[in-house]
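The chain below stands alone and is given in structure tokens; this is the form predicted alone.
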């Protein structure tokens, strides 16, 4: 403990750091004791609230996470003993027989938390839970975001988010979803959903689906933090390295991708000296680990595509043929319309815009992207580069109407003005 009295603001700063680092680990441990997700969250939340008072009085503990977990454990014991009905009391107090509850030295339990925390992540991403609920549950239970913050990120009402979270927790209880690590043979299969959830969180943070701002940096940071933590929990998984490499390569462009007027800057116009090259260096190290296997996964291949952009000094010096080949590899894993759309863009540079337009015509037969601005914007850009100005203008105007993100709309409107000036 520190002997020097600290101000409430300083304590709050340390508490915020502890919250970011220890929330998920603490909920994981309390879930081992309570066997109920809501109870675990409530106990940990109470512990953090009490820390603001106790830490200001007693000083910041040497091990803040252990302090939080010990306080949360005692909060659970107190709640169990004060349960209003005999049945509730017996049910809750039965967990007090566990050695992990009786042991007052929570520091000794930290070695067990690794598996508990990984089990918690798998629990939140269980396939029996709806995908949107998986995302929100992961943000709440693993990352510690409040329902209000989650609602703001997804432009939803607080009550709607709380309802989704409650529904997911009821699903866990009602379906009897086990609160434990999957069997070894199931882990790789289940990891795919965990990766997908983290990637969805990152994508919403990097380029928000709607709203006035280009993205939500807080969500992007949370996704990267989750990917790092997942890698710490399963360090020898190649695809975990691939996911983290992809997120880091992509996030490294953040300083150069939006103007001060919140207008999206496309990749070909970004000032590459503003990219975060320290982050890029770390991403390359993880990419090397991700590719050190016979069959790299989808995130490793996407990271390899991002790496080709990071290698190029200028946009036109990008190895577009290599990118086309990497997209071919991705399409062997999954026939995704997004992969095919992005392959068209790469093909337009490795071959020609006209060749890409022929491929795009095939893609347009798939109704998946029929009303999405990405398809219209891609067509518009290919037509612009093919000097088919009138057709490009129509496609850009359609993309403006379809886009929900203001930063994207402003960029597309800029393209419209540029082409109108040429006509």
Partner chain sequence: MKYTFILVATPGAEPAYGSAEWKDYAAEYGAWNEQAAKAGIHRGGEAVQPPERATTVRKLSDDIKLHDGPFAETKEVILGWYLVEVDDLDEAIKWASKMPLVDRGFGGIEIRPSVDFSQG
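Numbering follows the first chain given and starts at 1. Quick caveat, the model's predicted, so the values are computed rather than measured.
The form predicted in complex with its partner chain is left out here; the points below concern that form.
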| property | result |
| --- | --- |
| In the predicted bound form, the residue from 255, 174, 235, 266 that sits within 4.5 Å of its partner chain by heavy atoms | 174 |
| The unique member of 73, 126, 140, 286 whose heavy atoms fall within 4.5 Å of its partner chain in the predicted bound form | 126 |
| Options 267-275, 218-226, 183-191, 324-332; stretch whose heavy atom lies within 4.5 Å of its partner chain in the predicted bound form | 183-191 |
